[in-house]
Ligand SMILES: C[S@@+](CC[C@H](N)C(=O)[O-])C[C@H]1O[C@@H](n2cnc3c(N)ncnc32)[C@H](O)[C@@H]1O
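Next up: a single chain in structure tokens, the form predicted on its own.
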């Protein structure tokens, strides 16, 4: 279903990121990913996945590090912002891209060894967060990685003049409570000095039984 055919908070946020506001984010953050290599190289070395899907990939600042790993990884990125995807395609033509929201992923169950977000779930409407997380887990064959702003309780933070556009939460706890098939492998903190923006990450493994 097209985001233009809906009229709710989910669509409001998807349209916000798909249009001028999202384009401005692309302009501001082209070089925000330059120091993220060590984290992604470490993840790729320690976890045996042959394919990965990033939900909310923007211009590919995370995917480019996975593309540069020692082994070949089949990479796919989805985003609602067309300008971001155009730039990603020009820089990383080997990455499969698709303009679609995360709440309805057009992939079969277990299509990817790793599915992940990095600073994306914070911008998802509360009314569709569970749907997006369910799709992320459904499309994972083995690993789920979540990197987001953390708060023990849900906290809404005004974001560049918009209300209802950024929510800090305990996303790791939400995954653990909603998806008993996931087991937590590790959690950690990624500071600004390492190319991130003070985000907490969780890595889960999906029950193979």
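Numbering follows the first chain given and starts at 1. Fair warning: this is a prediction, and the values are worked out from it, not measured in the lab.
One more form of this protein exists, namely the form predicted in complex with the named molecule; it is left out here, but the text below deals with it.
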| property | result |
| --- | --- |
| Heavy atom contact within 4.5 Å of the named molecule in the predicted complex, the stretch among 87 to 95, 67 to 75, 113 to 121, 133 to 141 | 113 to 121 |
| is_contact(residue 53, the named molecule) in the predicted complex, heavy atom dist at most 4.5 Å | no |
| Contact label in the predicted complex: residue 80 to the named molecule, heavy atom within 4.5 Å | yes |
| Any non-hydrogen atom of residue 25 within 4.5 angstroms of the named molecule in the predicted complex | yes |
| Contact of residue 169 with the named molecule in the predicted complex (heavy atom, 4.5 Å) | no |
| Interface residues of 169 to 202 toward the named molecule, as seen in the predicted complex [heavy atoms, 4.5 Å] | none |
